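Presented below, as C-alpha cells, is a lone chain in the form predicted on its own.
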Amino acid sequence: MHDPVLVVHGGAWAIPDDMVEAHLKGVRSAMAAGWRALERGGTALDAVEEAVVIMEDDETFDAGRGSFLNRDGKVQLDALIMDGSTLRTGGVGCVEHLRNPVRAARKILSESPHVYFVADGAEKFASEHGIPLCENGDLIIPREIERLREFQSRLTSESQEDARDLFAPTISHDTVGAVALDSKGNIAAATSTGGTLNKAPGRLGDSSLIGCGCYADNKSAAASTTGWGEPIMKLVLAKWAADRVLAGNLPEWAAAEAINYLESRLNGHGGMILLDARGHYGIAHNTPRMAWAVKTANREHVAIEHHT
C-alpha cells in the first residue's frame, strides 16, 4: 500500500490581489474533492478527474464555465486525462457544448480505442456515452464578454503589435490541472482549459496534448502545466520533465528545470506540477503567482506564492 498524494493547480500568472481568495478557495475545494476519491479507495484517475471537475465548474478559472472567449465570442474547451499505469489517455479539443470536458476525456480513455476527439466528433461521442450537451451560452459569463470587448477595442484603437499582449503573464492563464498517486502506487494527470483570450477559432493549446500540457507514466512522473501554450507545445514540456525524473532526478528539481528551460529556450512563461510514483512532487513557475494545493496523509498546503 502507498500513501496517496494529490497536487492541483489553478493557473500561473499575475493573479491580482482581489482574486487571490477566490483562487485559494477554488484549489482548496478541488483538493478536497480529489482527496475524497482517494480516501474512498478510488484510483488516481478518479482523483484527478474529480479535482478538475470542481475547477471547471468554478468561474474563477479558465476552464469550463467562465472561460476566456475566443475571437468570435465563443467558449472552446480542451482537456486531457492520462493513466500512468497503462498509458491509456483521453482527450478532447475545441468543444463548445460540454460543461465538463474532463468527463468526456475520461469516457474516451475508458470506452474508446481512440485517444483524441475534437469539435463535433468529441461532442457526439460524449452524448452517445451519456454526457449531456449544453448551449455554448451556458458557458459564457458577463465578465468574459466585457474582457473580450475591452481587449478587442484596445487592439483596434492602438496597434496590432499589441496582439503580443495576448500571452503576457498579466493576462490570465487559469488553466487547471491535477496529478495524483493512489494507494496502489499508480499515478495519473489531468489538465483542462478554455485556452487564450481572443484566440483564433480552432486554436488548440498545450493543455490537451499528450506530453505537452499533460502526461502520466508510472515509470517516470505525472505532470500538468499551465501558462503560454505555444512554447510549452514546442518543447513537449510535460514529457521533458517526466523524462528527467526517469533519469533519476527528483520532481522538485525536474519541475524547476523544466520552467527554466521554457524561459531560457523560448522566453516562455507558466507553471508545472510534477509527481512521481514514490510520492515525491515538485511545483514550479516563473510567473508572479501560481495557485496550487497539495495534500498527503500528513500534510495539507494551499498557496499562491513563488515556489520553485
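Quick note: we count residues from 1 along the sequence shown, nothing fancier. Because the structure is predicted, anything quoted here is derived from the model rather than measured.
Although it is not shown, the form predicted together with a small molecule is what the next lines describe.
Note on the interface: of 130-138, 194-202, 85-93, 99-107, the segment with non-hydrogen atoms within 4.5 angstroms of the small molecule in the model of the complex is 194-202. Residue contact with the small molecule in the model of the complex: residue 224 places no heavy atom within 4.5 Å of it. Using a 4.5 angstroms limit between non-hydrogen atoms, residue 49 is distant from the small molecule in the model of the complex. Mapping the unseen interface onto this chain, residue 62 counts among the residues with a heavy atom inside 4.5 Å of the small molecule in the model of the complex. Contact check for residue 182: every heavy atom lies farther than 4.5 Å from the small molecule in the model of the complex.
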